[in-house]
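To begin, one chain is listed below as structure tokens, in the form predicted alone.
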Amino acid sequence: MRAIAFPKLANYDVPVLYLLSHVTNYKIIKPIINLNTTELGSKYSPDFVCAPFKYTLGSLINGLDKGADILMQFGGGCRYGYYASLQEEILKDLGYKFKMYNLVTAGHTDLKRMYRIIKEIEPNIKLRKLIRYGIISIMMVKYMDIIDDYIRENIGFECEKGSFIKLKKKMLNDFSKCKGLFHLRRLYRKYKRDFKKIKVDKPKDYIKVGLIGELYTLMEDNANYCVEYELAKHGIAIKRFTNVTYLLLKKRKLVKNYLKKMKNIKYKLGADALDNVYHTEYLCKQGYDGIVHIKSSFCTPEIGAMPLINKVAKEYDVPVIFFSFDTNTSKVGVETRIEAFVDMLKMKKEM
């Protein structure tokens, strides 16, 4: 039986698996990132390529080793847009036989092109069926992102440790088995109520931190060593703008407005850089206590944005810490820096 594999990004494999399993008759291989895939991705990647390339390459190699003969990649608006082409050449040089498809190019989704790709993979697919399950998958992503925003705001204050993560796993499992759009909507409403029932002990003057940075490293826990959960352990509410809903449905329109509002920036900075400078100013104006900037090593757009982010943060006297991740980054080092940053935020707030 033929099989499809795609790289891992946070929990978004749930809606992708749901979509592909309903519109094709292929085996869909669940993507993973572990020590083995990370080592494989690093071994066969160019030395100075950004870390997401290594994680996604390792994830695809794992899929191929499990029998995949069709690979899907989702390009971005920076070097991420070239991943599919370069990874295809690397994997073919390694002797793998497969067909590679890039569903998203330059950070944009061409629905007609996606339809042609799915039609090539599954010639008998009906357009009505593809639209139906496409809408369900998009709504699943939207609901997941809304719930995740609530979790970030409250997980640091849960009375019973692990409550949010446990309920989230149950929710994702139920989402993956939904029978249609109305069933999905009922599940979403149910879990929205259930999450609000989780008891939290949130002080009035709690610390708020905003997370900005390069999209893949920001969203994939394995790539950033679970920075969000490490912050939450210290009783911090977290705000993050970047998710798939934002990238696919909101970013294009919002970036135009950001350019009009930013005084010192007249042109796009590439990838997520402009967004992050604007979000820095927004977080400062909204009274956030600190900002955490996350990127992969050698991420050129974010390197260009960092001086601007630092300048804006200094104007508002808001501390900002920069993390640059690669596959060999020390987890202990990350935890130590977070502890020191949190201690500084607490001291500043007390003063």
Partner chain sequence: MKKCYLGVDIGSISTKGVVIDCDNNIIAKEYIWTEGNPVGAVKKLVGILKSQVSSDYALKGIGTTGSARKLIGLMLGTDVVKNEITAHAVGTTSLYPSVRTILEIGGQDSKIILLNNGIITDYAMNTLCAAGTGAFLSSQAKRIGVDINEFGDMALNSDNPVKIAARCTVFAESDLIHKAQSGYEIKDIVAGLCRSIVLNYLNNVGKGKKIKGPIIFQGGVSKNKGVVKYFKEVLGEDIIVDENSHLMGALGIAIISKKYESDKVYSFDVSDISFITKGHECSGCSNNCEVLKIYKNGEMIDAWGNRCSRGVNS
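As the structure is a prediction and not an experimental result, all values here were calculated from the model. Residue numbers count along the first chain shown, from 1.
Form predicted together with its partner chain: not shown, discussed below.
- Contact here is defined as any heavy atom lying within 4.5 Å of its partner chain in the model of the complex, and by that definition not a single one of L103, I135 and I146 is a contact residue.
- None of the heavy atoms of N25 is located within 4.5 Å of its partner chain in the model of the complex.
- With a 4.5 Å cutoff on heavy atoms, Y316 does not count as touching its partner chain in the model of the complex; it lies far away.
- Its partner chain in the model of the complex is approached by T336, whose closest heavy atom lies within 4.5 angstroms of it.
- The shortest heavy atom separation between N222 and its partner chain in the model of the complex is within 4.5 Å.
- Taking a 4.5 Å heavy atom cutoff to its partner chain in the model of the complex, the contacting residues in 305-324 are K314, P319, V320, I321, F322, S324.
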